[in-house]
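Only one chain comes next, encoded as structure tokens, the form predicted on its own.
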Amino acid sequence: MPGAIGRDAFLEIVGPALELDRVDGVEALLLHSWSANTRFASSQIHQSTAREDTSLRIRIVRDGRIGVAETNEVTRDGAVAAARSAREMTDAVGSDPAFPGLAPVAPIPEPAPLDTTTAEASPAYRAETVAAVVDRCGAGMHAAGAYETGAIELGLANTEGQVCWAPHTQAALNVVVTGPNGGSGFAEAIAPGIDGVDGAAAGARAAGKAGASADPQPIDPGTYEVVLEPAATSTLVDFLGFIGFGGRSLLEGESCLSGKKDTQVAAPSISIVDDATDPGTIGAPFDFEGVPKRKLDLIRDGVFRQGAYDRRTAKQAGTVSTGHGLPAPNPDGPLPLHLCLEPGSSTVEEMIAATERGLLVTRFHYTNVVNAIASTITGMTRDGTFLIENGRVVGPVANLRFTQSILEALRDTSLVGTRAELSGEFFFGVSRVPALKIDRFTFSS
């Protein structure tokens, strides 16, 4: 398996590019990732792959103009060639008066040593985890999914003197078990390391869902009470991070939270933070501009407190970067990628007991934005949707499409779960969220 390039080797590679002549500033950003993935279907492994990708992105500042070039030739010559290409690009673009300059020197926490056990996990190890999943399937059930292990190494250096480097690892198992008569169940386990992934537990959870969801019955669309398990909650939180908290959308009035600073936007039980330094999440302690990440109180006790900013949007907003910049240039502006909805005091069982007539939802899928300013999204339930009557789960129901404002759902949240889990939504990294009981949730078809 590949290993980390390391801080010293990174600086050796980008050193000549940082000394390029006829420029006002240079930034070098290293992205090095490697992972291995074991896929399974019909309770058998059918694919085991590994990949490695290394790129070097050079940003040049010259007379107020910005040029960026990227190369996969991660050598001293490759870095210089990319820097020269970026310098040539500055001849073809206009000046950028909103450019805030490269990040100044700021202290970055010392990175933890690379978890080589996770970074170098073998196909045999992942196969053992898959076997533990399959062992939990009952008669007539089949498991499908994937188990990926890997690492990311991020490095940044610029001519202002800022130098950042950190590696981190991730292990992610997702499981769908299908049973007879239309039953299916989902479970996932995401952690910074393989020690946090329990294949047997994930298999048992998915198999239990599959058995309980056989013979789902149709139900009319409408507005229901819902109990969302963490995987379903993560869809709401991650999409809110994408369309609501970013400094660019806030400044341009395209966010559902634009103009709502210090306004009650959710139930008092809802507090959402972004904290890349929390040991329970996954990520580097600095952003793609070299700014240290800091914990953000995005929503505290239901009140919108602040958004996430990079250097450009912070300058426009008259504030300072919060360390949420993406690789430049990017069309989305800054985004929070380590969201956490803080746990409450209710168990899922207590939420179900408090529901007169509603739905228990395992997860959503195929979710898209309908109206960002209204925070309205739409998607389908999947792999375990159940009817609750008089405080008891009475049976599985067929999947439904939901069309729902995220902020309205958070305003109508009456109970928050005690245990938060890492869950991943496509594109948005991972978030740590608990289950929620929401008193009004709209299913449109």
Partner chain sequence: MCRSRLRDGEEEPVLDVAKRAVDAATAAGADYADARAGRDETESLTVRNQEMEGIDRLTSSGVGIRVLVAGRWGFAATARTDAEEIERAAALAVEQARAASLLPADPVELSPVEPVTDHWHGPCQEDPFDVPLEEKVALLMEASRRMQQVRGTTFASGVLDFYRRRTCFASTDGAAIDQTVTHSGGGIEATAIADGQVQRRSFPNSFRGHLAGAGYEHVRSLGLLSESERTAHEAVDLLTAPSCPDEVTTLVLDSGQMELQVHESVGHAVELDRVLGMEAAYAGTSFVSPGDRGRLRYASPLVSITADASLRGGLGSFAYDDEGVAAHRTPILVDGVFQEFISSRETAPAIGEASNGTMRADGWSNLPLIRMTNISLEPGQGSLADIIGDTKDGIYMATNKSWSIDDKRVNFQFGCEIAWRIRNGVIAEPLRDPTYAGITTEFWNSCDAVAGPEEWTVWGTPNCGKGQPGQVARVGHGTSPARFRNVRAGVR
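Positions refer to the first chain, counted from 1. Only a predicted model underlies this, so the values are computations on that prediction, with no experimental measurement involved.
Just so it is clear, the following notes concern the form predicted together with its partner chain, a form of the same protein that is not shown.
By the criterion of a heavy atom within 4.5 Å, Ser271 is excluded from the residues contacting its partner chain in the predicted bound form. For the chain shown alone, Val130 is a contact residue for its partner chain in the predicted bound form, at least one non-hydrogen atom being within 4.5 angstroms. Although the partner is absent here, Ala69 is a contact residue: one of its heavy atoms lies within 4.5 angstroms of its partner chain in the predicted bound form. Residue contact with its partner chain in the predicted bound form: Gly211 places no heavy atom within 4.5 Å of it. Contact annotation: of the candidates Arg305, His365, Lys315, Arg294, the single residue with a non-hydrogen atom within 4.5 angstroms of its partner chain in the predicted bound form is His365.
Think of it this way: in the predicted bound form, its partner chain has a heavy atom of just one of Ala201, Val134, Ala354, Ile108 within 4.5 Å, and the residue is Val134.
Each of Ala41, Val176 and Ser445 places at least one heavy atom within 4.5 Å of its partner chain in the predicted bound form.
Partner contact region in the predicted bound form: 367 to 375, out of 367 to 375, 282 to 290, 261 to 269, 152 to 160, criterion any non-hydrogen atom within 4.5 Å of its partner chain. Within 4.5 angstroms of its partner chain in the predicted bound form, the stretch 41 to 61 places a non-hydrogen atom from each of Ala41, Ser42, Ser43, Gln44, Ile45, His46, Gln47, Ser48, Thr49, Ala50, Arg51, Glu52, Asp53, Arg57, taken in sequence order.
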